[in-house]
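Given next, in structure tokens, is a single chain: the form predicted on its own.
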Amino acid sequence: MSRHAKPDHPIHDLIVRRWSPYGFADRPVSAEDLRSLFEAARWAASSYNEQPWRFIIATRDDPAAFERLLGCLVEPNQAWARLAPVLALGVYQKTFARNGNDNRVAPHDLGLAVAQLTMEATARGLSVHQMAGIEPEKAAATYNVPDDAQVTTAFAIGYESAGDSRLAEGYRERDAAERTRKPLNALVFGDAFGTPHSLFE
């Protein structure tokens, strides 16, 4: 089954091909590719060019480091993420370096950086699976994350292997399930929140 999106309107092929597998092939990601993925994240837009995102990464090439980061995920995510060759934590700085004020859009900017990383990964034949299921306090303690930074998400990077027999059946079923999205008229509003814009009625 193709994992490509089925958009209602034309979109870039990278977006069509992007998806979040649970199954990852037993194949390392090259250092060159990893550098380019995080370079793509580095060039994301951010409020006042603050670049509040920070990343902590580990690869299976270093088993001790990999297990350390894996242990910061909730157990259901550990079950499949242990098969990925690369794991990362997404962190954001809570305040602006220029004045110490609260940066309320820092989580948004972290998300944009990861989105750019994900598109670069897709262009290189890699997949990224993002996770909310982490233990933020454990991660912060494990990596000495300062109080003005927040561990928020995690993601796995690798070559997809949908239907991987090493995965529990439930995860294989999710990888095979049809991809769906809410219609645009439920997401894009005009005169009032909840009222579709006329473009999408």
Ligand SMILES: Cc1cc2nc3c(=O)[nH]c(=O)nc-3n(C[C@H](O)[C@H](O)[C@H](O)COP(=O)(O)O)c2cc1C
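Numbering starts at 1 and runs along the sequence shown. Every value quoted in this text rests on a predicted model; they were computed, and no experiment measured them.
Below, we refer to the form predicted together with this ligand, which is not included among the displayed structures.
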{"query": "Close approach of G133 to this ligand in the predicted bound form, 4.5 Å, heavy atom", "finding": "yes"}
{"query": "Any non-hydrogen atom of R181 within 4.5 angstroms of this ligand in the predicted bound form", "finding": "yes"}
{"query": "Interface membership of T59, this ligand in the predicted bound form, 4.5 Å heavy atom rule", "finding": "no"}
{"query": "Residue contact check: T153 to this ligand in the predicted bound form, 4.5 Å heavy atom", "finding": "yes"}
{"query": "Proximity to this ligand in the predicted bound form (heavy atom, within 4.5 Å), stretch among 89 to 97, 76 to 84, 119 to 127, 102 to 110", "finding": "76 to 84"}
{"query": "Within 49 to 70, the residues that have a heavy atom no more than 4.5 Å from this ligand in the predicted bound form", "finding": "none"}
